[in-house]
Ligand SMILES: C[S@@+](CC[C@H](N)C(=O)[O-])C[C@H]1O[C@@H](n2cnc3c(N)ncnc32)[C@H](O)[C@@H]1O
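Form predicted alone, single chain, as structure tokens, below.
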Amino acid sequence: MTREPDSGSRSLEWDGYASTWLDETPQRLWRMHSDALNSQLCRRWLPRGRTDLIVKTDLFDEAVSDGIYTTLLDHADRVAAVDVSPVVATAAVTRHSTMLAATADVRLLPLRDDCADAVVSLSTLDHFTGPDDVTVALLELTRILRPGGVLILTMDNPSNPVLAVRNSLPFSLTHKVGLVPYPVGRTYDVRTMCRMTEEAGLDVTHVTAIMHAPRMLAIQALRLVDGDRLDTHSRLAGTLMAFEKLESLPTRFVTGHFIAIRATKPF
């Protein structure tokens, strides 16, 4: 018998972190860059043509910034999303009133089998502490995908040396200095994640790494920028995006902050 995940304590924990973040709204320029990168990835990897339903596995992006909701709407008639935190879900719907949103754990989704044309899971599964939870979540994502449907998955990249150092430091320190807004869990290299994705019943079609700008340095530098000057925003956006050229190099899985996987559900 499969034990249902206990999401109550996780909801309370994430409510607390989300409330603090929403009150302070830090890292605004960095969040804009992150949204742009994730939107770019989705445009590359989502199914061609317009689809019926895309599901997103968390709403933090849409709660604290514009997120990628409008990008997803360019590809589907409906966009549904879940988040374990009611505070996050409420904030996201406040920004995007037409979005279908629910409070739910990604390991137990309130969605029927074979209902989604695509699932977008951006740095969601790397908040679990062990592989069993990741496996359960992947099986749920596979369950709700229609045959031929696409999963876009990103996770923290443990092969990035800066990220490895960050994860070795106590959360109390990284959180205090603003590098990590919430607890991070265990993550896996691209080879392991490809294997786990395929074991869940999906076919991996593409792998890469994204977000090659030095994230920790960039966040600190952006805090010093005049937040109201659009010309400054434009120059910074161009500078940060220039780092994404590193994706074309063999070293991309060292420089990228996130691994990214595209997989499809067999017919």
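Quick note: we count residues from 1 along the sequence shown, nothing fancier. Keep in mind the model is a prediction, meaning the values are calculated, not measured.
One more form of this protein should be noted, the form predicted together with the ligand, which is absent from this view; the next part is about it.
Judged by heavy atoms within 4.5 Å of the ligand in the predicted complex, the contact stretch among the candidates 216-224, 51-59, 238-246, 202-210 is 51-59. In the predicted complex, Tyr188 stays away from the ligand, with no heavy atom inside 4.5 Å.
Using a 4.5 angstroms limit between non-hydrogen atoms, Ser85 touches the ligand in the predicted complex. Residue contact check for Ser123: one or more of its heavy atoms lie within 4.5 Å of the ligand in the predicted complex. Using a 4.5 Å cutoff between non-hydrogen atoms, Ala104 counts as a contact of the ligand in the predicted complex.
Shown here without the ligand, the chain has His127, Phe128 in 125-158 lying with a heavy atom within 4.5 Å of that partner in the predicted complex.
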